[in-house]
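Presented as structure tokens, the chain that follows is alone, the form predicted alone.
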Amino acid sequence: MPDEEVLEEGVLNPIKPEIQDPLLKSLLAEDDSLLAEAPIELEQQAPLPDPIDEVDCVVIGTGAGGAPLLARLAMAGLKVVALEAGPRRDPTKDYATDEKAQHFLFWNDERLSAGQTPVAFGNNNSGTGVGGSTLHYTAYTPRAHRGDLSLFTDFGKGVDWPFGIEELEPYYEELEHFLGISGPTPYPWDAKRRKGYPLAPLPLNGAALLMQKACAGMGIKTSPAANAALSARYYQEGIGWREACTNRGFCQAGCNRGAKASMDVTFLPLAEAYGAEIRADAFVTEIERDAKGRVTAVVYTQHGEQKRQRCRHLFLCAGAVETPRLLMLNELALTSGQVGKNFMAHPGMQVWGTFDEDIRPYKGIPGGLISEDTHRPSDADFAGGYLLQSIGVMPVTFASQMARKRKLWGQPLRDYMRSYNHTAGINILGDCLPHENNFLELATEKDARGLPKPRVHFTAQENEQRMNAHAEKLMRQIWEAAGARDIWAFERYAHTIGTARMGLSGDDAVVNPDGRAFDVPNLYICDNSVFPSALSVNPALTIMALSLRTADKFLEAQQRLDG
């Protein structure tokens, strides 16, 4: 070992170096007190929560499933802690109008994708951070239809939900007014709603205007869509004023204005105002139980340190991939054999065209126009249905789709991208049926934490293939009527759904209609994993509605026990 270093009790301690600079040496010599080593005051970390401290509820996940119930439980006076795997960020400082720079919003841990129609992950369907996937969702918030919950009754295929639409309607209404949904009143495909949307629709972008005109000529009814982005300044109870959308169009890269109703600017500040604690960068790995099988604590890693939080009740709201993964890792709620089963993804077929008009597809709310005339097409050869919507697209996303579908690369891709500002798209959001070949399992391959990676098997079945074919034909007709050239289709599947479905019996479901696990009396699951069917609309509003309903059912049950 070199002379200038000594090893003492396993610590490498360099000898204090001699001062070499003559001027500095003379200045220090004038004041001997400066030569003495002053004690260095290190910043003291706040004491960790006492692991003996037991809270009423732990909520895993702060997205559309976790945030609303977190606020509801806190407002009821319960002591609640939320654990979020991702960081807390400041949208005003951390969100750029740059889709590559915003890659940190997505769940970027590797997920293995299998099957004949492997699902893309990352920016396609999952996020991380305080606010979950709502940080990058495009704010499309249509309600589910009554028939979406009764596929088996109506078609003899799929599975019915264990309750009807009347259970969700009060929560839809509450959410639309709390979040400040911008949309048409009356709603063309549900004109009997008790209340209209609180704000007028957002302006239509270039793709929406083209689609609107073409559909009108074809006899297809359209309307400005319902979006969880403010068309005007809006006062939100418990939050204050939120500013209106500036139509910058980068919703999927995060809203830096607070106009989009992501959970970090809506339910989460409300929850914290009522005493909820949110712990960011807290990755949950273990769920502890007592001899009776009740959850007693959650173990998580935060900033490299393992921590433990005791709780009386656990709400698992981590999404349709991480929720079943946690259940499998901890061998929890597995009696039904349905954990990881029935994975679904929405058919999201897109059709693109090039126009003479200057479209600027990055501008405006991405999903500006909707048609639900195809909810139950008269000429359908499939169960369920789909909605049509105009779509905007950011440039890198569009270029990647061109490379994947049309195999363009290098100079041909650059040449095509010169027409990007003249590009417009339409896509569908369609129902998907559960199937035994579509499921999630734990792989033998490990991630950076040493945990088995999730492997998701998905193959589009005959029903989804027929729906895609029907929709592609119709969308091509719309774009032809609009004057597009170079029309092409891109098959995709959006969102992660199923894997811990709810039902009336523990024989074929993981949770009951109130979200409580059949196997574990103090475990609740609330996210898109509990959906028995995929619905023919975007899932965010329904996930939030289920979240509020689950919280209310839980509080009612606790009141009965206390009484």
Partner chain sequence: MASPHYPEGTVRALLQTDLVTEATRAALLPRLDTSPYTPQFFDGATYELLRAVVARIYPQPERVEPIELAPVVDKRLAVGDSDGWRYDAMPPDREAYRLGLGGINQAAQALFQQPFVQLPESQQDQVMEAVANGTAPGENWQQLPIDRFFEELLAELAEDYYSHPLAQEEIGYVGMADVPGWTHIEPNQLEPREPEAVK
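In this text the structure is predicted, and so the values were computed from the model without any measurement. Residue numbers count along the first chain shown, from 1.
There is also a form predicted together with the partner chain; it is not shown, and the following applies to it.
Name the stretch, out of 138 to 146, 357 to 365, 151 to 159, 181 to 189, where some heavy atom lies within 4.5 Å of the partner chain in the predicted bound form. Single hit among the candidates: 357 to 365.
Considering Gln306, Asn437, Thr97, Gln465, which brings a non-hydrogen atom within 4.5 Å of the partner chain in the predicted bound form? None of the others qualify; the residue that does is Thr97.
Which one of Ala481, Ala280, Val81, Ala114 is close to the partner chain in the predicted bound form, taking close to mean a heavy atom within 4.5 Å?
Answer to the contact question: Ala114.
Is there a non-hydrogen atom of Ser378 within 4.5 angstroms of a non-hydrogen atom of the partner chain in the predicted bound form?
So Ser378 does not count as contacting the partner chain.
- Message: Against the partner chain in the predicted bound form, would Tyr420 count as a contact residue? Criterion: heavy atoms within 4.5 Å.
- Response: Yes - in the predicted bound form, heavy atoms of Tyr420 and the partner chain come within 4.5 Å of each other.
Q: Classify Trp107 as contacting or not contacting the partner chain in the predicted bound form by the rule of any non-hydrogen atom within 4.5 angstroms, answering yes or no.
A: Close contact exists here: in the predicted bound form, Trp107 approaches the partner chain to within 4.5 Å, heavy atoms only.
| message | Residue-level question: is Pro170 within 4.5 Å of the partner chain in the predicted bound form, judged on heavy atoms? | response | It does not: once the partner chain is placed as it appears in the predicted bound form, Pro170 has no heavy atom within 4.5 Å of it.
**Report entry** in the predicted bound form: members of 208 to 229 within 4.5 Å of the partner chain, any heavy atom
**Finding:** If the 4.5 Å heavy-atom criterion is applied to the partner chain in the predicted bound form, 208 to 229 yields only Leu209.
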